[in-house]
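Look below for two forms of one protein chain, each set out as structure tokens: first structure 1, then structure 2.
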Structure 1
């Protein structure tokens, strides 16, 4: 009988420490200084230049994050009182997400007066008795409507879409290209929520990318860099607008443009709140791998970075008896995370460019696979060789103006 992980799993911190040693040993045998340097070596620039590139992009968006943070903090203070400081970090447990990484679950607490679009996709999907496979079909439909071929029969036969009743599986969503040809699959446990509606678009983005470059030589069958892979499905999902939901029969009437601000705020709670989180995860790991953060400081350094980048604080005192990074899937799973930061920036750059050009250019980039340095792949789609966060700022410009009005006279930053 299954007794739960706690019955068989030893504490994770000593295992993680050992994993760091072994990972570094392997990286050194491959000629890298440590695992972090190996991870940073995949961006067509010297590994030491990559963190500066991440910082450059973060500094472009940071003023928008500060505005959002200040607005949310003030709203949470109205609701919860002194537990939320007027000018300090936000307690991390109030943001509606286990890791305080995306904040859209608290949208109802912060919704702008008179600009709430007034629909809830989760409620609509549930009311329509949408089934897990229907969500996958909606996702596939978006891609086929752009001219991509439908997913193969084996995708539907071999993927894992729902949580099995009889065994434990890793439900964390992922997408697979099993035979480097047509056998693409996803593995996830779909729940009928707006969040999983986006997750499915995200995973299918991986599968359609995998199929687009399957004519490349073996070593080039990958995305231009790992941020590109993570960005494709999300780029598509940015077009899941009320107009689109109406088109596919999920929404009866489209809210008028006076409600755009609410939509933007909702998106910002997902996409802007996520950026400093996605940045700090690998800032932490890079320093762990290099030894700058020694094992005795794992947890302390984690919360220092959470404070510095996200402006969040733990709700109760943490010590080195805790190992909070271990609760984030990608950390024990040995999955680099900087890719999600890049994807958050790139998806807006792709989306803006796609609004100007169309499907042919997207396919030209995908079909290049890994055959060219990523700046060339980026250029094939966007006409730009550098990653550029002005797209994400353009997208949120009306919200930024409004946040600054809301914040006027109030402290911003911490």
Structure 2
């Protein structure tokens, strides 16, 4: 099936090579060394300093990733035998995702004993006959409880909440700021599930951010850096905890702390597993744009970086006749990916700070938009001028202790 499709579609590798040439030409005309330097110029530091900042943050969280990797590898080896090495990289196709970028789909294979979270939010929502708009109102209530103004009437009139019956639409959830003022909307096809409940909270984070900075001059109507926008939505999604669900009447009682381990492991398979993948995508592209990775080594360098950062290996032999980076939408679509790495770091830093302060400080930071360098916006919310991954370590500390116990006597790393 794949080979047949490939025979019809134009090969993407030469098109990508030409795109790199044209992108670099345009970047140089704007005064940048290459496209990668242009992308990195948006972070209030010299472009050449940004990769080191990314590495600093990654090295803070890397020990947690190594513990997770070692535990998952051992559990997969129990399931699949010698196809999973005892001390080497994990075959990428066994991690439950096309790109091995998030691993939560293999949670049933690696879950600790008695890991039942104590409730099933999807079942609860359905038992209460929850409707799609009810889920959106739950999300809106989260923000209004922090002191934000309710969403405008036009939001409810112009958003797409459910899949139309008369036409095909792209259901992938997204948030929109149509007029850079007050016409904010979401586009999604809500299903009554725990996943969509969390997704709506995330997407509304974008909308409330967009409304918060709408009094800024036009050029400053954006987030402090592109990681902030994604992080706000994810920060809100992190707050969809059992305690929150009890407060809004969806849970009668909060499960005891013995259930936390399973919840933390599931979250780590989503968030911690994603970090090295998010980092290596732009590491690869920066080196492609700079010429450090020549076209004849595109695929070889891709898998070298995946091995270095993720500790994963291809399921079958790959050669330069393949172009595996092209299978990731963001690569041919010219979408920088560092924002998602930063969002994964910042959401936990924001979440830790918000656990200690009221919503007024969140609104003050959002209202700054792009009018100040991001370190000042970060300080306005967290009191810190530097991005800090230790909040992730704090959040997952009980899981890290448990993982280290499970990994005792077993190899860690690859």
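Positions refer to the first chain, counted from 1. What we label the rigid core is the largest C-alpha set whose atoms superpose within 1.5 Å from one form to the other. No experiment lies behind these values; they were computed from the predicted model shown.
The first of the two standalone chains is derived from the form predicted together with aspartic acid. The Cα position of residue 234 differs by less than 2 Å between the two structures after fitting on the rigid core. A displacement of less than 2 angstroms separates the C-alpha positions of residue 223 between the two structures, with the rigid core held in common. In this overlay on the rigid core, residue 159 has a C-alpha that sits 2 Å or more away from its partner position between the two structures. Here the rigid core is superposed, and residue 205 then shows its C-alpha moved by 2.4 angstrom between the two structures.
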